[in-house]
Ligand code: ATP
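Have a look below at one chain only, the form predicted alone, in structure tokens format.
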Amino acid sequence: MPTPVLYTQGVCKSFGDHVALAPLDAEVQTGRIVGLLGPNGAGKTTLLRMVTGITKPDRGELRMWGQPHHRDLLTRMGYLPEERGLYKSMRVAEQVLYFATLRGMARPDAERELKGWFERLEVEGWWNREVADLSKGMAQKIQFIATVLHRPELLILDEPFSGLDPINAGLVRNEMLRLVKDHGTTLLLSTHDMGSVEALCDEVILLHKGQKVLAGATDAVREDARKGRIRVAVRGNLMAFVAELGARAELLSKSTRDGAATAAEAIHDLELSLPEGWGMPEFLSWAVQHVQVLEAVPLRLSMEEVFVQTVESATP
């Protein structure tokens, strides 16, 4: 088993009487994109601040690249916090180069890398402009570049698409994927944008009230949350079919398409939840005895639906 980039065991953090993180066991493997999810106040920012050395755990084990966490490891990370901050009176390129030298880059190397990043994120014309002239979206792209210029092994991004229009969000998203593919960068992505989670993340960790309530491969957690839900289109007498259905399955929703001359010819779209042990083949074998089944597919939940369902089930 490879050594995780990030490993926590029994990590706890409190602020006065408020428990920000209960005992947390989690790990992030090299070259993966991991979504750190949770409602406001779930403990995401607390965890990120511990990883980046801003705060320390009250107890528990926090390891990075197999080592106990220490400040010398911070040069191997890049952190884009949700709270943005650029020096408004500085020139744009000078600002990014300043951050790069703080992270140990030689200025000629930083300038060469920076020119490539400016081209890829389409900000070439802003090299000598003042930071104060940047729009919110442009400032976001500049801060992203400042975060990745020194090629960190672990890239921590807190709401990286905030303030970006769909085109620029796509540019940043493509660069994130390129970093993983070409350089083996590990990404820890904290966001409420569930569409980006579906598009980018190999795995997710969902926190709620300081506790981990869900973790695993993105596709696997979506499938697990489905809980036997299917979508079917049937033709026939809906009332009679629902009566026959009884306790065999839970009817989640139904709608009838327009245009049928009689009730027997009507087409109905249904969402059902099948009980454990009764799969789609068994259901269809039974259903065709009562209605004409036109279509049947597993109901694939979005990450937003998984998020809401998990948080609601974890809330007393």
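Computed from a predicted structure; not experimentally measured. Start at 1 with the first residue shown and count on from there.
Not on display, but discussed next: the form predicted together with the named molecule.
At the 4.5 Å threshold, heavy atoms of H69 stay clear of the named molecule in the predicted complex, well away from it. Residue contact check for E111: none of its heavy atoms lie within 4.5 Å of the named molecule in the predicted complex.
Remark: G35 does not count among the residues lining the named molecule in the predicted complex, judged by a heavy atom distance of 4.5 Å or less.
Interface residue remark: Q289 is not counted as part of the site for the named molecule in the predicted complex, having no heavy atom within 4.5 Å. Of the candidates R151, H192, R235, R173, H192 is the one whose heavy atoms come within 4.5 Å of the named molecule in the predicted complex; the others do not.
Just one of L272, A42, V51, V28 comes within 4.5 Å of the named molecule in the predicted complex, counting any heavy atom, and that one is A42. Only one listed stretch (57-65, 252-260, 43-51, 277-285) carries heavy atoms within 4.5 Å of the named molecule in the predicted complex, and that stretch is 43-51. The candidate site formed by F15, H18 and E82 is fully in contact with the named molecule in the predicted complex, as each residue has a non-hydrogen atom within 4.5 angstroms of it.
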